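Only one chain is given next, in structure tokens, and it is the form predicted alone.
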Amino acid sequence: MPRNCEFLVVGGGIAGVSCAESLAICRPTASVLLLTESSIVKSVTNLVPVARYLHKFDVREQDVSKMGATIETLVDQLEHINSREHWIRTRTGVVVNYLYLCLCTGGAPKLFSSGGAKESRIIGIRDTDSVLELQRKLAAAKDVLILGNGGIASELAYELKDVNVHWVVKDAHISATFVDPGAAEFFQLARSEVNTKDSSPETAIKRMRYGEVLSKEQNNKHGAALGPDWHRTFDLSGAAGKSDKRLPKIYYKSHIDSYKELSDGSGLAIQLGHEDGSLEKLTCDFIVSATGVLPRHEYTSDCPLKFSEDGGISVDEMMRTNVEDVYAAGDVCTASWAPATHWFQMRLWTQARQMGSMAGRSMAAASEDEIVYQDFCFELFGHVTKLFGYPVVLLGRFNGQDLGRDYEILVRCTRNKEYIKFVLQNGRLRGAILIGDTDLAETCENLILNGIDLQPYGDDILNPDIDIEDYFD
């Protein structure tokens, strides 16, 4: 017997749950059904404002039975969409009739593979199950190779304990998805001097043109993560023995050329290729592939969905797809509208929450023939995370994305304490990286959105002896 609902949301990740919760708020008497492949779903908790439009939060995993009375749940997998008749069929044959459908099926890890070894020795970090698999493998491991340069790779490289870490990155510096070479050096110095005490850190301010800092090889890629501080609740210790400080060995501008299983079956023999054409051999117990995600849409539809070049489902500013009454949000979709001046898409948990909430509001408005406008959060890119133990705030075109070469950057760095980068174009702030407890998030947010001319202030805008909040309240 088919099930009936007004709103059907597919996916139990941050985007799907945010969408379902928004629908429950906007349409409290309507029937909302959440279809999820797992009995464990993710939701946002401890939402704390960092600035006027920017928030930090934790991701909580809970059983679907605790979703609340206003949201029905079904643990199954979407198999087919009949958009003309407004029903879907699940893998187990359950038919669900809907009026509005939102696809929040997320992304799948882009696993490295060249067919040269058993896939059991290559794992991708995406959800709790994959982290538990990593934990099991670490218990007997002495050497681990991490491939990737985004948030998960950066966190793992320094969070793994009692194991030798070989970190292979294609860029000239670490964490290139999020930060520039200067911030990467700040992080590395801080980690290498973790036990060093310095009561009077020296602050340096420098203004540079684009070409002085941003290497030609830098190519930011979209990525995704489990959620803020996901590694806090897991024991990520290996079997190489206790060590006071075991820093990762980093291989810059490198890639895995080939790999095969050792003859005794104890691990992998890896051959790395470097940019200069040289080769290097090493061995490891397994590979952690952390090179981003691919939009996941393993289902069919009677009316073909429109996809973007990156494989995501194309959506407009209301999160609508090309198929009537079908919406999409989170990692599975690609923003195909003309973006605001200070916003662009990255597949992050922050945007998964924003897109899910926007889709819920849009669906609720459509069901009542009301007009709704796009949330203001899509006016300014903003992301709050933590890297190497430091709070990190990214705002606007924080690495000069899509600004060409016509901009300059102003940097303030206090060793082991803070790293602040302003991206300036024609005297106006276009983006910022704030590392450490800077208390500048809201000020930077206002400066970017208001387009205030900062040329009269010169380098004093980052003078540590001047409180710039006094200038711009």
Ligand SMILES: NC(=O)C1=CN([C@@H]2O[C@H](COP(=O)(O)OP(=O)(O)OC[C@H]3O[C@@H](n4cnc5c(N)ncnc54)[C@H](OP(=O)(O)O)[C@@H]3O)[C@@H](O)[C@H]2O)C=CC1
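In this text, residue numbers run from 1 along the sequence as written. These numbers come from a predicted model, not from an experiment.
Unshown form predicted together with the named molecule; subsequent notes refer to it.
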Classify as open or blocked. Procedure: superimpose site C-alphas, place the named molecule with its pose in the model of the complex, test each ligand atom against backbone and C-beta atoms at 2.4 Å; 3 or more hits mean blocked.
blocked
As a check of understanding, the residue in L145, A183, L101, A153 with any heavy atom within 4.5 Å of the named molecule in the model of the complex should be identified as A153
Check each of K253, K161, H383, K137 and return the one that places a heavy atom within 4.5 angstroms of the named molecule in the model of the complex.
H383
Classify M363 as contacting or not contacting the named molecule in the model of the complex by the rule of any non-hydrogen atom within 4.5 angstroms, answering yes or no.
no
Test of understanding: in the model of the complex, would F187 fall inside 4.5 Å of the named molecule by heavy atoms?
no
Taking the shortest heavy atom distance, is G292 within 4.5 Å of the named molecule in the model of the complex?
yes
Does Y327 make contact with the named molecule in the model of the complex, using a 4.5 Å heavy atom cut-off?
no
Okay, which stretch from 303-311, 369-377, 263-271, 153-161 lines the named molecule in the model of the complex, with non-hydrogen atoms inside 4.5 Å?
153-161
Note that the named molecule is not shown here; using its position in the model of the complex, name the residues of 318-353 with a heavy atom within 4.5 Å of it, in sequence order.
R347, L348
